[in-house]
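Below sits a lone chain in structure tokens, taken as the form predicted on its own.
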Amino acid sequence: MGLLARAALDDLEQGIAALAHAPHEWLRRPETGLFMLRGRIGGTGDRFNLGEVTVTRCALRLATGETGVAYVRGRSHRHAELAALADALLQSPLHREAVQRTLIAPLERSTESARMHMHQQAQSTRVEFFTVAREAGT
């Protein structure tokens, strides 16, 4: 679900194009709201309110009975709909392999490629510090 929520809308559209019109009924139409983000001082200390983030959520049920749910950051109703549809299709034995092959695997590859690119950029700015030890007076 995290992969689908973080994916670019264009990637979702392309990966699920053949199945995007699967008949479904809405359990909860896409709706946008705010989540309060909370943090902890030092990672383990007292909680504090960090800020709010816009989130869109929805839930749907395929004609075959599988239910899909999605929460995505931002205001894109289409992104939430496609993520929920992919979630439901992944639960269907009839569609699982096709969705894995045409959507999930390419998203995993592109995510890993982007992660490696960022890692390489960070490594190119890495500074090595050498410590010179002096021997005590002889």
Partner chain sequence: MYVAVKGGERAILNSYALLAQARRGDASVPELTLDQIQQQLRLSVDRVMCEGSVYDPELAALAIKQAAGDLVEAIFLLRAYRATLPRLGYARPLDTADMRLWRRISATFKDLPGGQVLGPTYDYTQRLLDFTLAASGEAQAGPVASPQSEAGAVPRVVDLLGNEGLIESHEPSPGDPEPVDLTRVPISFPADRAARLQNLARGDEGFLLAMGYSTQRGYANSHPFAGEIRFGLVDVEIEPEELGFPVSIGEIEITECQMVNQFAGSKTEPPKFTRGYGLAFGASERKAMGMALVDRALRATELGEAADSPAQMQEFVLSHTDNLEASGFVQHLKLPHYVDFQSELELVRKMRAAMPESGAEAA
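Treat the numbers as computed from the prediction; the structure is a model and nothing was measured. Positions refer to the first chain, counted from 1.
Although not depicted, the form predicted in complex with its partner chain is the subject of the following passage.
When you look in the predicted complex, the only residue of Ala105, Leu94, Met36, Ala63 with a non-hydrogen atom within 4.5 Å of its partner chain is Met36. When contacts are judged by a 4.5 Å heavy atom cut-off, Arg29 does not count as touching its partner chain in the predicted complex. With a 4.5 Å cutoff on heavy atoms, Val72 counts as touching its partner chain in the predicted complex. Residue contact check for Arg40: one or more of its heavy atoms lie within 4.5 Å of its partner chain in the predicted complex.
In the predicted complex, Gln14 stays away from its partner chain, with no heavy atom inside 4.5 Å. Residues Arg115, Met116, Met118, His119 of 92-119 are found to place at least one heavy atom within 4.5 Å of its partner chain in the predicted complex.
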